[in-house]
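Quick setup: one chain, the form predicted alone, written in structure tokens, and binding and motion questions come after.
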């Protein structure tokens, strides 16, 4: 009887547990839930903050579901891995759990804001369920909030606090929002929508100090010297893999835990998956980090399969995220961005490093304030796409990019000035389905 021990309670760990159980009814599966809230949908935290969903909707598993799956839960913190003894210490050594195979799915944490006053009461991140609860308690209508950072989470913070009728200031170090992924016109579309929500933008500014008022946040001082009075400060400047346990145990790490196609580390019997894992991307030849829910789930499934002794290999797929930017549904597929984002120290939640690994390519773009489409074209294939607003082409583009489909028959037409890109793609997709019905 094989004993499997899983560190973490996110989607990667749960997917691994489900896969192991499916393949081995007799296996012992124990899961160390380091987050007191257990297993929940982290991408849904923004919708809890904005008041669009109740937090109960974010919990797909109950304690009964874990019992039916035959998983024993430990609400504790793993503090040391002992590979030679095949043991994991909990809570500083008070308890030890044995394993035959171990999965490290500890995820990633928000990078802390490092300025004077950052430890004052009233400084928030949106990284866990408890963060969301604390922030909701502090968000009072009519009060002022400052948000700083980049990527999807910072935007969600600004939108969520504005939805709770706070007066929101969004401080951006760069000249525009999310330049590492968005083109300038796309950034401006997002910013225009934010301004319509009443959010005030401060470009080329940086929080230099959090100012105190009776021991709590009373405002921020920007590097320019300007002061903004506020009742709370929320930040999202990137995340970092929680790989300390692995490093201390002698497991090979770069920025995250390095894994092979079976999600195994350099130590036999020890695997990693999810935001903490750094996986090989065959398209770029590099080891990359993703912070995307579907990728974490697939990595967890592959790790579970490997732990159960079944053959298989994880092949990193084209990264896809369907999100909402300032109220506009936006799908990001494949390689779309280029360069560094001054508002992020590392990758953000809901982000993929692959998006930024764009070679020199040609662009085809069309856009309006509501519906916007951008394609990144290689010689024979579409390498990436960004669809903002109308999503009817999202699913076809995911298939065209993922397979990939030869687009040479329409490439020249896509690059013509003023080309009706959406119509050309729609007709091309319809022709593909007609000629090969299984392609749909």
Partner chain sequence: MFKKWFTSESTRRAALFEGQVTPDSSRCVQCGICTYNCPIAIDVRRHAWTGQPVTRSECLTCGDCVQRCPRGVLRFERSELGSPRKA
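Numbering follows the first chain given and starts at 1. Everything numeric in this text was worked out from a predicted model, so none of it was measured.
Here the subject shifts to the form predicted in complex with its partner chain, a form of this protein not shown in this document.
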property: Single option in 196, 112, 216, 324 placed near its partner chain in the predicted complex, where near means a heavy atom within 4.5 Å; result: 324
property: Residue (of 176, 297, 221, 164) lying close to its partner chain in the predicted complex, criterion heavy atoms within 4.5 Å; result: 297
property: Residue 65: touches its partner chain in the predicted complex, heavy atom cutoff 4.5 angstroms; result: yes
property: is_contact(residue 60, its partner chain) in the predicted complex, heavy atom dist at most 4.5 Å; result: yes
property: 4.5 Å heavy atom contact, residue 293 and its partner chain in the predicted complex; result: yes
property: Any non-hydrogen atom of residue 406 within 4.5 angstroms of its partner chain in the predicted complex; result: no
property: Which of 392 to 400, 410 to 418, 25 to 33, 374 to 382 sits within 4.5 Å of its partner chain in the predicted complex, heavy atom basis; result: 392 to 400
property: Within 4.5 Å of its partner chain in the predicted complex, all of 11, 41 and 54 (non-hydrogen atom); result: yes
